[in-house]
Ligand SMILES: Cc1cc2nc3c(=O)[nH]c(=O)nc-3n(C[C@H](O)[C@H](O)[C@H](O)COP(=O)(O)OP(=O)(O)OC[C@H]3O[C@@H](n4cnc5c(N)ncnc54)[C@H](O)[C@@H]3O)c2cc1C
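Shown below, as structure tokens, is a lone chain in the form predicted on its own; questions about how it binds or moves come after it.
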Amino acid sequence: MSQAADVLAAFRDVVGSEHVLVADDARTLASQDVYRAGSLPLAVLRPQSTADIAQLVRLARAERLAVHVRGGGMSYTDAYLPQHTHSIVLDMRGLDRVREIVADDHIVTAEAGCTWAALDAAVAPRGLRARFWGPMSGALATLGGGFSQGAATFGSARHGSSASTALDFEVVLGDGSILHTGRAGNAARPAFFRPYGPDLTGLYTGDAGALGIKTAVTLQLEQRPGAQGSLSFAFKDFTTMRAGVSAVARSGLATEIFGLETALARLAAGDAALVQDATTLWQMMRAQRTPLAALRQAWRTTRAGRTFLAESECIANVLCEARDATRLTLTLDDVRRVLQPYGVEVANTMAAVVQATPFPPPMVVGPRGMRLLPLHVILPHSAVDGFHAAFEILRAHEQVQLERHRVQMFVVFAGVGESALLYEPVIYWEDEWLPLHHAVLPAALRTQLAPAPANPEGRRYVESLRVRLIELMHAHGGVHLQIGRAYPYLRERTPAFTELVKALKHAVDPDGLLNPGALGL
């Protein structure tokens, strides 16, 4: 205990007493993600600078303390959860500054604790945005987490995941030294061209925090579009939907493609989660280019209501952008021509809401307050149908157990570049909430939704489903974002691959104290 007191005192000397949290509630919250809890760490530290982190890492190394890094806390893959009490959690949200915007070069440098929404707001007045500009959880999710775990959504149909935008990372390594992955020599200017020799920046995209602690990132920007619009199509079955969505993805016409089984949409429709409908409708109207367009959008949305949920198995939403309204109209017409052989156009209610409110308060529970666990696999278009067939066999086989344990499974999907589709089985089950769910859920919804009684048997069944689904994904040769500790990154790799990854880990983190267990290291 005296040793713990000494190291806590040393931490306080670095960041101040107010940024060293040892209370049970703070440690409990910092050791949870959307799915479950890890061990309580010795303390939660809130550094305010890169220099703070370098000093904290050196102190932790001297005490052999594992160092875990938490951003917005939106992971569900055990990405940052402490595995034992001899550890600390760094809460990165104190490093939230946008350091520099170089508009002429379409470059921005921001700290790792900056949220995607805050970054977007900072560059918007210049008529700019990041080429990949955030996940839907971007109101809380941070840049460091998005690059460490691999984020996808806004811009993904065109540019892929967050990895495509990074030019340089500022990283604190396991010995407390500081690395810049993309700068040229001693130049004071930010990195501006990534493929200069071996791609060290790429090493830190999707590394799950195993190779260092990101403290800042330089990103590539692009001009904001002058016009945006969307289409929604209903499909009779998943296979037909997949064919249509693949055709749109290959066309390069969309900036985002996403959708879901209509059974899930029916479950959510009318739920308390839609208590914000009036606000959402107003935001959708404000997002239109002219008052007339705003009225038309409001009329379409209120007239259509939720009738688009009927008589279909899947709904796909396609978001498009263009320099001006004329070009947008042509793009949307092209998307219609691509999709019409496969499905039927329906009211674009869901798509318009997402486009108007890209960073809503994160929904960390499902319809009726159910717990949720999203899993995902990324597959080439040609392999998606085979995986879906295997998933359907598993779901049908488990139907009795699903009902017994009050568990439901649905499919969500999204486009990631022109060659692949992200397939996401989402598990919902009735259970008590974790403190994280109470802390993150919007206040308006906490009065409408309530946790179920504790369901430990159902929780164990969900964990067994999680394991089997990941095995199914691995058997089909899928890959993943948000690897964390959940997905088998090193399994069945060649010896040369595994040895190289392990050698990299040892080189940048010789004592293995940075997020141990991530990537299977």
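Each residue number is its position in the shown sequence, starting from 1. Note that the structure is predicted; figures quoted are calculated from it, not measured.
Same protein, other form: the form predicted in complex with the named molecule, not shown, and the subject of what follows.
> Looking at the partner-bound form in the predicted complex, is Gly259 within 4.5 Å of the named molecule by any heavy atom?
Taking the distances in the predicted complex, the answer for Gly259 is no, it never comes within 4.5 Å of the named molecule.
> Please tell me whether any heavy atom belonging to Phe391 falls inside 4.5 Å of a heavy atom of the named molecule, as the geometry stands in the predicted complex.
No, Phe391 sits far enough from the named molecule in the predicted complex that none of its heavy atoms falls within 4.5 Å.
> Given that the named molecule is not shown alongside this chain, does Pro442 nevertheless sit within 4.5 Å of it in the predicted complex, heavy atom to heavy atom?
Close contact is absent here: in the predicted complex, Pro442 is far from the named molecule, nothing within 4.5 Å, heavy atoms only.
> Taking heavy atoms and a 4.5 Å cut-off, does Gly72 contact the named molecule in the predicted complex?
Although the named molecule is absent here, Gly72 would touch it in the predicted complex, with heavy atoms inside 4.5 Å.
> Heavy atoms within 4.5 Å of the named molecule in the predicted complex: which stretch in 401-409, 219-227, 188-196, 204-212 meets that?
So the stretch in question is 204-212.
> On the criterion of a non-hydrogen atom at 4.5 angstroms or closer, are Pro41, Gln55 and Leu513 all touching the named molecule in the predicted complex?
Spot residues vs the named molecule: no contact at all.
> Quick one: from Tyr76, Trp433, Phe387, Tyr342, grab the residue that has a heavy atom within 4.5 Å of the named molecule in the predicted complex.
The residue from Tyr76, Trp433, Phe387, Tyr342 that makes the contact is Tyr76.
> Considering non-hydrogen atoms and a 4.5 Å limit, which listed residue (Ala325, Met136, Ala265, Ala247) is close to the named molecule in the predicted complex?
Going through each option in turn, the one that passes is Met136.
> Within 4.5 Å of the named molecule in the predicted complex, counting any non-hydrogen atom, which residues from 148-183 show up?
Residues within 4.5 Å: Ser148, Gln149, Ala151, Ala152, Thr153.
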